[in-house]
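Before any questions on how it binds or moves, here is one chain, the form predicted on its own, in structure tokens.
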């Protein structure tokens, strides 16, 4: 978008104006759009990026913004998945307010409209939309959700029956599946994401019939590791899968080829997702296989553990709006973090009067030593500045932050709360105006949590 290549944006339940690194650049990128569709409970900073409060000139921004009223999580049914790989169905608690709709209903309307608009097009680039199967029911949220979940699970296209497990999927056009890891969550036996049996026969916290664990309702990945090469459990108290009377048995779905006996050539291979079936001390990564410590892109100190200061294969978005700050100009270490009263980019919680009263504005935590050095008192308005931008915040002088002594020199760190923006009841500057656009070498996860800055009393 910043380069002008992407002209349209759909933003559902996201607020990159606040949550994205190098927020000033992200805002400029939004100004290059022709159109934006935003769906949320309240008007987000991203949806209102063109307003003067965002630091923009509305007369120079041509973006057409469509703001759609969304339903909150408790106002719609659907599934969630967690870091334990459970995908769980959640039933709707209350009806949404006014004309609010679930994301699924909104996308269904958009999909049908797109099919209608492009049906007579002769432009080859429109053929994917023309060929797209979009035959979901209208004006029936429960049926729509059911149809989509069935489609994600997948069908046998010959019999029309739901697929029982991902191992039965074929690449010959006889089966379909939206997401292979979820195959098996909705079978001819029913919707397993709705399972709510909290029994735990093993006593090990497996709960095999509470929701669905992807893939294959497998609760413990690589569970062949619970037994030795001969198939005997390493621990009788913690046995998961074992070889008994000529076959594999246990309390979980096997995560290996059960046709292999322990004495077979591949019978002791426990890591099915690896080509050699074996575990490894090191992972194949862009900057691997050996772990190495690098300093952040912006660091005031020399790397004492390596002759290489910064990860040479990290992703750097090299643009004029993502400059690197030097410790000479920005000597203080900055980091960002959360408070319990606000959630993520804050658009839900900053519009809740009770939470807004508890945490009404952005603040920065600084040590007593730094406060004395800078002449800052608790409660003063201060300005934090980095190479990319500046924010104002209330100073919170605290012993929680203490100076570091590194390489014989004293360094200070400050912590900025990042939930705030110019919309809602509780307002404040987005902390991510300070952070750089750097991605880790393997996942491009942003390097939000370490940057260089400076702080001074007052607002300028």
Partner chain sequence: MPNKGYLVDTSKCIGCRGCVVACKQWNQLPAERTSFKGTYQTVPDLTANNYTIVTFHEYEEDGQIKWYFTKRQCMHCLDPVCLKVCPQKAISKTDTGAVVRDREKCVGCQYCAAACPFHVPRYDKVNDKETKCSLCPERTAEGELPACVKACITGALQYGDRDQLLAIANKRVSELKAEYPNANVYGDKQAGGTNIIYVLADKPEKYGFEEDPKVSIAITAWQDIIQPYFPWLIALTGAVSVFSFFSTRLLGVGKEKAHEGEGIHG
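All values derive from a computational prediction rather than experimental measurement. Numbering follows the first chain given and starts at 1.
What comes next is about the form predicted together with its partner chain, which is not displayed.
- Listed residues 152, 251, 356, 370 were compared with its partner chain in the predicted bound form; 356 is the one with a heavy atom within 4.5 Å.
- Listed residues 141, 365, 268, 295 were compared with its partner chain in the predicted bound form; 365 is the one with a heavy atom within 4.5 Å.
- Its partner chain is not shown here, but in the predicted bound form it comes within 4.5 Å of a heavy atom of residue 379.
- Taking the partner from the other structure, its partner chain in the predicted bound form has no heavy atom within 4.5 Å of any heavy atom of residue 59.
- Among residues of the shown chain, residue 409 is not one whose heavy atoms approach its partner chain to within 4.5 Å in the predicted bound form.
- Put simply, residue 51 is far from its partner chain in the predicted bound form: not one heavy atom of it is within 4.5 Å.
- Only one of 428-436, 63-71, 30-38, 389-397 lies within 4.5 Å of its partner chain in the predicted bound form by heavy atoms, and it is 389-397.
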